[in-house]
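In C-alpha cells, one chain follows: the form predicted alone.
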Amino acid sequence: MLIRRPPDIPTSEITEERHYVSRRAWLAAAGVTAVAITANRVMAARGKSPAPVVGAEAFADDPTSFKDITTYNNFYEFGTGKDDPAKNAHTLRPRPWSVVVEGDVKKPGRYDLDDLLKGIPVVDRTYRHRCVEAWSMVIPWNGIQLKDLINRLEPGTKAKYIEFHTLYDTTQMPMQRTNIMPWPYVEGLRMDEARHPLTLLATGLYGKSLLNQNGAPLRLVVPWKYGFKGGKSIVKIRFVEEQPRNSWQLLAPDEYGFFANVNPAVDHPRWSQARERRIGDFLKRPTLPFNGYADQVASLYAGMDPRTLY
C-alpha cells in the first residue's frame, strides 16, 4: 500500500540531521542489542547493577527524518488524515500555556508551564515510536522524565494512577466540534509506569521545540506502548485512585484497552500486530515485544496475563 506524502515543508524548518545523528552506534548495528542484553544478564548474575539500555540508539536504529516526523501524524483534533495536523494545527496557540494539577497531591493548582518545569533537568532521548496502525518511527525527543515532575508535585498514597487531559478548545482544535472522539482526549498510566525512567514529558524533538502537529507544547511519551497513549497538548494532570478510562477505550472498548503495551502476539481485532512498516522504509520488519524495551519494562507486569495488557 502506498503512503500518501504531504507537500515539502520549508527547508528553514528542518534541522540538519548531522547535528543530531551520530554514526558511531551504527557501526556495531548487527550485534549491539544482543551484546547489551547479555552484558546486563552477566552483571545481574554477579550482583551488580546492569548498565541502562536506553532509547533506540541501543538498537542501532536510524532516526526518522524531521520532515516525516512533523508531517505524518495522528492528532485527531486537527483531522483524521496523516497530513491533516501539519496543515491544520496552525490554529493551536501553544503560548502562553498553563497546566492544572488536581487529585491526591500536595501541590495542586494551575501552573504556568515554564514555572511547572523550571529547574527539572532536560534529557535527550531517541525512542522508537510504534503506532497501533502498524507503522513506526524513531524520534529524537527532548523533555523531562515524568518521575521528576511527580516528585516535585508530591502525590499522596491514594494516587495509584495519573491521568492526562488534552486541551479542549473548539476554536483552536476544530475537529472537537465533531463527535468522532470523546473530547477532551484523556490518557492515563499506572503510577509505576509514570515513574519509570523511560517515561517522558516531551517539549521538543530534534533539538527544536515541539511543533503544533506533534503536540506542542507538552506531550506524553511512553516508548514501550502504542502511540495512542501519548496524549498531546496536555493541560491537566490528575492523580487518582481509580484506573482512568482513556478516550480510545470509551470510543471502542472492544478494540482498545488501558495498558496498550506493544505485543506482536496480540493482534488488533482488525489487523495483525506481528509486523510494522518503519516510515521511510519499503519492507516491513518484525514488531518487538514492548517495542524493544522488554529488558527494561517487562518486570512491571510480572504475573499478569500478557493478553490483558493491551
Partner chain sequence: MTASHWVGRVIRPAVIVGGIGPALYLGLGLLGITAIDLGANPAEKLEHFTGTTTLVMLMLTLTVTPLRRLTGVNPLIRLRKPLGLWTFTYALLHALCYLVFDQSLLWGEILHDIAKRPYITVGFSAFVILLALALTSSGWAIRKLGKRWVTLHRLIYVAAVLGVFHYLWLVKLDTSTPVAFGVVLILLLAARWERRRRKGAPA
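Numbering follows the first chain given and starts at 1. Being a predicted model, the structure only gives us computed values, none of them experimental.
What follows is about the form predicted together with the partner chain, which we do not show.
**Q** Even though the partner isn't displayed, in the predicted complex is Ser98 close enough to the partner chain, meaning a heavy atom within 4.5 Å?
**A** Outside the cut-off, so no.
**Q** Taking the partner chain as it sits in the predicted complex, is Val123 in contact with it (heavy atom to heavy atom, 4.5 Å or less)?
**A** Contact with the partner chain, no.
**Q** Is it the case that Leu251, even though its partner is missing from this view, gets within 4.5 Å of the partner chain in the predicted complex, heavy atoms only?
**A** Yes - in the predicted complex, heavy atoms of Leu251 and the partner chain come within 4.5 Å of each other.
**Q** Closest heavy atom of Tyr226 to the partner chain in the predicted complex, within 4.5 Å or not?
**A** Contact check for Tyr226: no, nothing within 4.5 Å of the partner chain in the predicted complex.
**Q** Determine which one of 234 to 242, 193 to 201, 176 to 184, 111 to 119 lies within 4.5 Å of the partner chain in the predicted complex, judging by heavy atom distances; exactly one does.
**A** Among the listed stretches, the partner-contacting one is 176 to 184.
**Q** The partner chain in the predicted complex: within 4.5 Å of a heavy atom of each of Tyr76, Trp271 and Gly280?
**A** Yes.
**Q** Just one of Leu153, Val138, Val132, Ala159 has a heavy atom within 4.5 angstroms of the partner chain in the predicted complex, so which one?
**A** Looking at Leu153, Val138, Val132, Ala159 one by one, just Val132 meets the 4.5 Å heavy-atom criterion.
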